[in-house]
Structure formats: C-alpha cells, structure tokens
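Take a look at this one chain, the form predicted alone, written out in structure tokens.
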C-alpha cells in the first residue's frame, strides 16, 4: 500500500471511530422510554379439560410495557393480572387459582363474567310483558349472578384480536332460550383488550330473539398490594356517587335511592376502605348510583394502594357500580401459590345496572328486545401514584 493510500485509510478509520464515540455519547444521555421497541403479543396454551370433557385454553396478553393479563375461555375469567408498583416490582392484583379444576369447584366468582343478569333478582321471579318467569334459586330465596350455571361456568368460543395499540380476546357464547329460566336466545360477545396505556378494557355486546333482562358485569376481586398479601382495608377509595340503592339484610333493594352524605358509604372524597367499615353491618356490598345519566363513558372509581403506590381507575358507561369488600371470604379458598384468601382480602367494583331491576319500575330498565343491542364498556386503568 502506498504512503498516500495508507494516509487515506487511517483518516477514514479515525473518522469512523470518532462517529462511534459521538453515537455512544448521544445514546447514553437519552432517556429510556418504557416499552420502546417491545412488541405486543398473544400466547395461547392448554388449560385442561372440564369435567364434561370440554377443552379449555388460557390466553396471555402482553403490552409494550410488559404488563400482562391472563384470561381463560372457561367463564371468561381473568386469572392473573401482574401490575408494576414502586421500583417496577410486579404483583398479581387479582384473586384466583392456578388450575381449571379449582375454577370448576365452587368459588365466589373470582375474575369471571357474570350473567345473564348480574347481582340479585328477588325470589327468582319477574314479570315481563304479562308473563311471569321463574329463575333458578342459588342465593337463599333469590337468584344471583345468572343462576346455578351462569356465564361464569360455561366455555366460551375464543378469537384473538390484534390492533395497533392493543391486543385482545373476543369471547362468544349463545345462552339458549330457557337457560336458568330466562326467555330468548341471547347471543353474547365479550372483548377483553389490553392497551399500551395499561388499560384492561371490557366491551360487552348482546342481542336477543325474545324480550329478556340483561345485566352483565365483571367480578374480579382486586388487591393492589398483591393477591393474598393481606387485607384491602388500607386502600384509599373514591366513588363519585351522591346516592346508593337502599337494600335489606338479604341485599334486595327497596327501590329507594338514599344520599351517601353523612353515612359510612360516602366515598366522594378519598377514604380508606376500612375507615368506617365497622359501621356497615357485614361490610360493604352496595350499589352506588353514578353521576352518569347519559350513558357515556365516565369516571366511576379510583383506588390507591398505600404501600406499593399502585392506582386503579374505573371508567364505565353503566349507571351503577357495586362495591363489595370480600365479606364472605373465610379462608376456605386457597388461591394461587397456595395463598389463603381471608375476609376483606379483596374488593370488587362491578359496573352494572341496579340489583333486582326487573322488579323495580323506578330503576333504569335492563330489558333487551329483538332488534336492539346491549352495549357496555368498562375500563380498568392502572398506574402509579404521582409523588
């Protein structure tokens, strides 16, 4: 190589080395964007077979922030929801089990979609267009969450969904005319979506060929410190509701809506769930009337975990939200990882219409008729408390 060529070669090597040093210096000062470069994904795996021999799958949805939700098509159940806390520490914030067999055994609706009518129908009876219908009784003298074999105990047809900023599962089920005593063939679709904004979105859709009541809801038990990690009494709760549905000792509404002001049910300003729970016989199991009359998506609740800093906000198009504080958890349910769920180890925020609506003419109607569509959107959004 000539002297001239050697000088040319070394000059270019020096230029390349200088560019490399500058590039490292630039990138080392760049703030990392959470999730940047990561891809969303859906993973399907076998979850076993039901006692009747039906194959069941488990779907894992992951967003670009590495937040994960696991959903099975048995009962449309959310089985796991790891959410980051302080210093990025993940904790599964929903109560549940490790196996399908445990979900098939009796349990208090952990993570499930409930219907055809969530909550209670008094005496398991209602009259519609002059015809009286008798439903299955599974809560003493009353009908609860769809009956003996509600939507929480059936196998749904599943379809994967991928969009630009979310991944999801579309679950479909046909509830046949006469099922649990309800009239009409009801076609139901539930779409669970996990977005890159750390939102778990639940879209509900139903149509019918006969008039029938419909009131679907989601029944996860949340503990923002982690499932099985103690009670939720220190969680700070906000519910923007001025009134609630008065109910008797069997949780059947009187039809009267009472103000929350000057009662232990007032969560219009943040308060610890356990601050006044001793003033509420049995604990909270109340339907709050949201300040939402137009059916648009509105803010329904906010919960903050004091130790981990996790925050969950709830938005819904429904007129009510049921606060339930796990009053009947008694340690008989051994959950994921062998952890035992005791009283008040979880809370539910069930977006819905009011209990016993078919028998309460003063409540918003839940009757769906042929040619109409039942639609409902609820969002559970997770974040960290801002300092």
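Positions refer to the first chain, counted from 1. Computed from a prediction, not measured in an experiment: that's the story for all the values here.
Below, we turn to the form predicted together with beta-D-glucopyranose (BGC), even though it does not appear here.
Undergrad: If we define contact as a non-hydrogen atom of the residue within 4.5 angstroms of the partner, is residue 285 a contact of beta-D-glucopyranose (BGC) in the model of the complex?
TA: Residue 285: contacts beta-D-glucopyranose (BGC) in the model of the complex.
Undergrad: State yes or no: in the model of the complex, is some non-hydrogen atom of residue 309 no more than 4.5 angstroms from a non-hydrogen atom of beta-D-glucopyranose (BGC)?
TA: Outside the cut-off, so no.
Undergrad: Wondering, does residue 356 line up within 4.5 Å of beta-D-glucopyranose (BGC) in the model of the complex on heavy atoms?
TA: Result no; residue 356 lies far from beta-D-glucopyranose (BGC) in the model of the complex.
Undergrad: Do residue 324 and beta-D-glucopyranose (BGC) come within 4.5 Å of each other in the model of the complex, heavy atoms counted?
TA: Judged by the heavy-atom cut-off of 4.5 Å, residue 324 is in contact with beta-D-glucopyranose (BGC) in the model of the complex.
Undergrad: Between beta-D-glucopyranose (BGC) and 109, 145 and 221, in the model of the complex, does every residue show a non-hydrogen atom at 4.5 Å or closer?
TA: Judged in the model of the complex, 109, 145 and 221 all sit within 4.5 Å of beta-D-glucopyranose (BGC).
Undergrad: From the list 120, 302, 170, 153, which entry has a heavy atom within 4.5 Å of beta-D-glucopyranose (BGC) in the model of the complex?
TA: Partner contact (heavy atom, 4.5 Å) among the options: 120.
Undergrad: Give me the residue from 237, 158, 251, 100 that has a heavy atom within 4.5 Å of beta-D-glucopyranose (BGC) in the model of the complex.
TA: That would be 251.
Undergrad: Report the stretch among 324-332, 338-346, 61-69, 45-53 that approaches beta-D-glucopyranose (BGC) in the model of the complex to within 4.5 Å, counting heavy atoms only.
TA: Every other range fails; the passing one is 324-332.
Undergrad: Enumerate the residues of 75-97 that have a non-hydrogen atom within 4.5 Å of beta-D-glucopyranose (BGC) in the model of the complex, in sequence order, or give none.
TA: Read in sequence order, no residue approaches beta-D-glucopyranose (BGC) (within 4.5 Å, in the model of the complex).
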